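Single chain ahead, by itself, as structure tokens, in the form predicted on its own.
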């Protein structure tokens, strides 16, 4: 029996040491009356604990709706050493959305906060807070000369803003955009400028793209023929392989593409006169033919 009592005393001692030291809980409350729909309610809670105790953050109230008429807008926590203990300060800001038809009491419920010590935890209870909310209008407004039709006021008139300057800026920007589009179409030989004889390689580049998209030997030969017509137009006469040097001398803007141009005439000779389609496509693949046309078109635009 004596041994059992001694064991109970030791267990009680261990339990006493296992909990945190919550010494006091104080609340600094705002006024308890005169609140309307949407008003803020600020509460300050001070918890006195042992020097090594701390608030468990996960146990604090979470911001957001608490119920259908109350929302916790913000929470601020601080802690400082006070004498032989520690003072924890928690500031809670609520917003009330209750719309009573007569003065009515509402209560912010109690909250339990965990305090963790070196050897265990204890719970500190924040007491509830009761306050009075007031209505925004009378219960029977008709007694004051008002009727149901006068409860709602008309909306405020929307101020009209002069838009003359903005409209002018938009028109100027639209005009400049149209002008630049026309200049770009002319530079790239888009419709209606793509039929100008001054841009034969730009036209040939489009025709070659369409011909090669069809695929096969006929598409490749049509692409070669389109580039031949571009060289003829640029030279002002039928241009043969023997005339390439003279053409490039007269049109130095195409000089950088000399090697590719010579390969083009060689591939064309093989395709049209040597009946060697495979040899032509090996000497100048379709992708390189398309790239040559695009290069000549760029050089053409840069020279004019």
Partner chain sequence: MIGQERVIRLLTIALFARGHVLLEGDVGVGKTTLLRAAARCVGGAYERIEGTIDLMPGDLVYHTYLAEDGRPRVEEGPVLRAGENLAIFFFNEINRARPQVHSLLLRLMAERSVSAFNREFHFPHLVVFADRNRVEREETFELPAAARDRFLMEILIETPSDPATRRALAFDTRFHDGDRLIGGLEESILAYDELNDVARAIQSEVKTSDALEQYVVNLWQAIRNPGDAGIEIPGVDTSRLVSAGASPRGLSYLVRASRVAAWLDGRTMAVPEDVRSVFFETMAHRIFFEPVYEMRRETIARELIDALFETVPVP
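Remember, predicted model here, so these are calculated numbers, not experimental data. Positions refer to the first chain, counted from 1.
Another form exists, predicted together with the partner chain; not displayed. Remarks below refer to it.
- The partner chain is not shown here, and in the predicted bound form it never comes within 4.5 Å of any heavy atom of residue 32.
- Mapping the unseen interface onto this chain, residue 37 falls outside it, with no heavy atom inside 4.5 Å of the partner chain in the predicted bound form.
- Mapping the unseen interface onto this chain, residue 214 falls outside it, with no heavy atom inside 4.5 Å of the partner chain in the predicted bound form.
- Contact between residue 237 and the partner chain in the predicted bound form is found at the 4.5 Å heavy atom cutoff.
- Of the candidate stretches 23-31, 65-73, 242-250, 48-56, only 242-250 contains residues with a heavy atom within 4.5 Å of the partner chain in the predicted bound form.
- Note on the partner interface in the predicted bound form: the residue among 114, 133, 126, 225 having a heavy atom within 4.5 angstroms of the partner chain is 225.
- Exactly one listed residue, out of 105, 91, 206, 229, brings a non-hydrogen atom to within 4.5 Å of the partner chain in the predicted bound form: 229.
- Applying a 4.5 Å heavy atom cutoff to the partner chain in the predicted bound form picks out 272, 273, 274, 275 from 271-297, in order along the sequence.
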